[in-house]
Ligand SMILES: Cc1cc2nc3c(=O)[nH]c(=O)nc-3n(C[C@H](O)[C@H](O)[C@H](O)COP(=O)(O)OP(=O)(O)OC[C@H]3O[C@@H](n4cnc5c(N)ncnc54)[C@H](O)[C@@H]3O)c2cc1C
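This document opens with one chain alone, in structure tokens, the form predicted alone.
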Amino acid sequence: MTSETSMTPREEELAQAVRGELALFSYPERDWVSGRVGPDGAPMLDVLIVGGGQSGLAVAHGLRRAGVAKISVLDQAGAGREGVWENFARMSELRTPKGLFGMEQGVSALSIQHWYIGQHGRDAWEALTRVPRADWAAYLRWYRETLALPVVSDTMVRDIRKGVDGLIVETMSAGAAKTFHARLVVLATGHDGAGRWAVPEFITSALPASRFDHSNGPIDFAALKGKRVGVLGHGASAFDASVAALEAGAARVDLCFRRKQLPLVNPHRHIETVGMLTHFPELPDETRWNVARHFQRHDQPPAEAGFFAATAREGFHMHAGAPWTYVAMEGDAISVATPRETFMFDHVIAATGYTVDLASRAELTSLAPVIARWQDRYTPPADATQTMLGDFPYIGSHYEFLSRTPDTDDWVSRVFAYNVSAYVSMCPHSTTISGHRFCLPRVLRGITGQLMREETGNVMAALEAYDNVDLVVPAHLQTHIVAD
């Protein structure tokens, strides 16, 4: 199914079941947030969500169910291509076990399990270990359409800054600027939402831009047919890119990584407990810092599907203990030296993750200088320092940004960072699929709590003005309910 086509009959049947289940458990469904008017005279949004991938959709759905009606979701991708799943994600299946989901938020008919069974049958679900990536992308499109979530596509957020009783959000769409006014903003901008995908300087300074790519960016794999390809890194995207290159006809792929042994233990699985995912933000700073530092030092292994797909292919070669110590052009070839041997490549792919660089994010132009970072709030022991961790935002208990300077710039707490910015503060993967069940309620409580506190001045006036009649008394009893 694409964004241009309608649902299949089975999807429509399940969508009707979702709507019925939502109606059954909808009380109290009345919108309760007082309307405000923006400086432009138009109604102000209660919440604007930046990012229409899985987290943005889940937050939008949760807010709707919580009686927050005036919301909008902006995404810079085209309709149906939000998130990573049909952009740079190249794995055949999710690495998340099929039972670790939470986007359905208690509505069983809205779950990936019910959707998958409807498409492929119960036996297929029972035989499944992990959901195929293409199916997850199709499920998200169905989720969005079923819930009629208000996603505005092809819209890039250029800045978020302080406004009158809210926030000003500057955007660009089809070359035209547009300003939104919202009381609160949620950043659901994914794994690079605190910075950018990073190619090491020793590659960018040595090679023409046409001779390297980042594994999480667009890659013209067809152009690699017959080529020798070097891949730096050992994570999931390194193996997925290797498979894609070989499938496209690359003559050879050499995957190199600096560790002496490929990681085999996944520390993410250990922290997937109700206690950790629900209460991690309540732990002391020292503990949260050390958990994040452990994840930096003990990385997770590549996903099984990508690892076995790559190692089963002729032309794939893996080299442990092989950091790239020298990169240079030699004629029309790329010379890459490692402690063990020197390679000659035609193209290289850096599967080297991201760097925290708040200033590089357009939407953080006004926020980056004034939001608190971990280096502002916590000083680790000398033997536990980690520069990148210190650059992460120091986030409040409900994913809200905090001001770098006490008693100033309190407007920043109107922005909730439900993305990788929360890596140290909330848990290394609290905003991923595995964390949704436990962490979505936290960010939703933070949003609705802030809106409710701002309703304080309206509470008594609205209560005293309430005059909906509950008891309708027949005419012949009217005289009995009023004193003479």
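Throughout, we count residues from 1 along the sequence that is shown. Predicted, not measured: the structure shown is a model, and the values here were computed from it.
The form predicted together with this ligand is left out here; the points below concern that form.
*Does the 4.5 Å heavy atom contact test between residue 95 and this ligand in the model of the complex come out positive?*
Yes.
*May I ask you to check whether residue 446 falls inside a 4.5 Å heavy atom distance of this ligand in the model of the complex?*
Residue 446: no contact with this ligand in the model of the complex.
*asked:* Is it the case that residue 157, even though its partner is missing from this view, gets within 4.5 Å of this ligand in the model of the complex, heavy atoms only?
replied: So residue 157 counts as contacting this ligand.
*Spell out, yes or no, whether the shortest heavy atom distance between residue 450 and this ligand in the model of the complex is within 4.5 Å.*
No, residue 450 sits far enough from this ligand in the model of the complex that none of its heavy atoms falls within 4.5 Å.
*asked:* To test your reading of this chain, name the stretch in 455-463, 437-445, 35-43, 52-60 whose heavy atoms come within 4.5 Å of this ligand in the model of the complex.
replied: Heavy atoms within 4.5 Å of this ligand in the model of the complex occur in 52-60.
*Answer with one of 235, 190, 163, 390: the residue that has a non-hydrogen atom within 4.5 Å of this ligand in the model of the complex.*
Only one option qualifies, and that one is 190.
*Which residue, 400, 254, 213, 75, has a heavy atom that falls within 4.5 Å of this ligand in the model of the complex?*
Filtering the options by heavy-atom distance leaves 75.
*Of 344-364, which residues get within 4.5 Å of this ligand in the model of the complex if you count heavy atoms?*
The stretch touches the partner through 361, 363.
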